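The form predicted on its own is given below as one chain in structure tokens.
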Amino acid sequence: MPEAKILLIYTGGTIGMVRNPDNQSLSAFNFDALLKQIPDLALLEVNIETTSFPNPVDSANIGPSHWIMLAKILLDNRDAYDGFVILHGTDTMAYTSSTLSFILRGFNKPIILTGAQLPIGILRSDARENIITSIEIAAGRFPNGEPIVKEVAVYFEFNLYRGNRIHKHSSEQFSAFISPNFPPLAEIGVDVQFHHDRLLSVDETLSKSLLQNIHTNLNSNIIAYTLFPGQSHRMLRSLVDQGEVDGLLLVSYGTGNAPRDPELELAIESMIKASRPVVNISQCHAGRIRQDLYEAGRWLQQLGVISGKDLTREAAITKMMYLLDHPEVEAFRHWMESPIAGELSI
């Protein structure tokens, strides 16, 4: 087979920083100098091309407009490349990878996001290994030329994760991400060990149909409401009564439990009566919502609160943003409780 052709996309973030020798400040490096920073890339049997956001941004400033920009870059170049690697800051990487998995479901080529805890210009940086291995994964193909990975994934510290299953759990360890409710897609040691039974497969007919009808409208008028003991719910009820919220993500206790506070109950009732969805996810990283297990969760189920099952907070928020403004969705509950990109377990 000819060399795989990979597009490397830089959005910003720690991974792409180098230290200025004059004032020791960190600034984004020029992609033309990539081989100088990582000379080992020249040893890969891969054709690498690069592009960048016109103005690279810290991942704390990433939002829907950047996700749409990324989706368009990927769609415009889909047929020209065998795989894609996105260099991204770690703080909001889980939001970006989740959003892209929904917008580009059916893309059918590897989209690998990676980043670093230390800048590429630092001697002990984890950036080099993360970039090199991400490119190798994106270039991975079966003998018939089909890509091994056909989904949005995140590579970090010797593990490849499904992009809509991750959560950043550490700002100091090189293993910054966990995937609490779904095992890694691949583990990297001496060899790359893919778990083929965990990888998404996409029907070609579905892929063509989805990409012809790509939906890039995202509704971010959502509140993620985390419960804590002794909490006053008057502010939430006030926002709901004013019609300021299109969707409410309730971040509850354990398996989906919440105190039956009158203000909270009225706020939820008002949302549901106005056909504005309320979705319940757990504050626990691992496990799933079971609203029928305890009385403290059963009252939510009786009101019509939607189960977020084992969604991460990042996947739940971005899936709501995607579904709230999706013209083809007739039943928000059905699609919220059903996997559309491998983001939840049935």
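Residues carry their position along the shown sequence, with the first being 1. None of the values given here were measured: they were computed from a predicted structure.
Here the subject shifts to the form predicted in complex with aspartic acid, a form of this protein not shown in this document.
Visitor: For the chain shown here without its partner, which stretch in 70 to 78, 109 to 117, 183 to 191, 259 to 267 has non-hydrogen atoms within 4.5 angstroms of aspartic acid in the model of the complex?
Guide: It is 109 to 117 that comes within 4.5 Å of the partner.
Visitor: Identify, from the list 246, 82, 91, 136, the residue with a heavy atom within 4.5 Å of aspartic acid in the model of the complex.
Guide: Spelling it out, the residue with a heavy atom inside the cut-off is 91.
Visitor: Looking at 40, 58, 49, 292, which has any heavy atom no more than 4.5 Å from aspartic acid in the model of the complex?
Guide: Contact residue from the list: 58.
Visitor: In the model of the complex, is there a heavy atom of aspartic acid that lies within 4.5 Å of any heavy atom of residue 9, even though the partner is absent here?
Guide: No, no contact at 4.5 Å.
Visitor: Are any of the heavy atoms in residue 17 no more than 4.5 Å from a heavy atom of aspartic acid in the model of the complex?
Guide: Taking the distances in the model of the complex, the answer for residue 17 is yes, it comes within 4.5 Å of aspartic acid.
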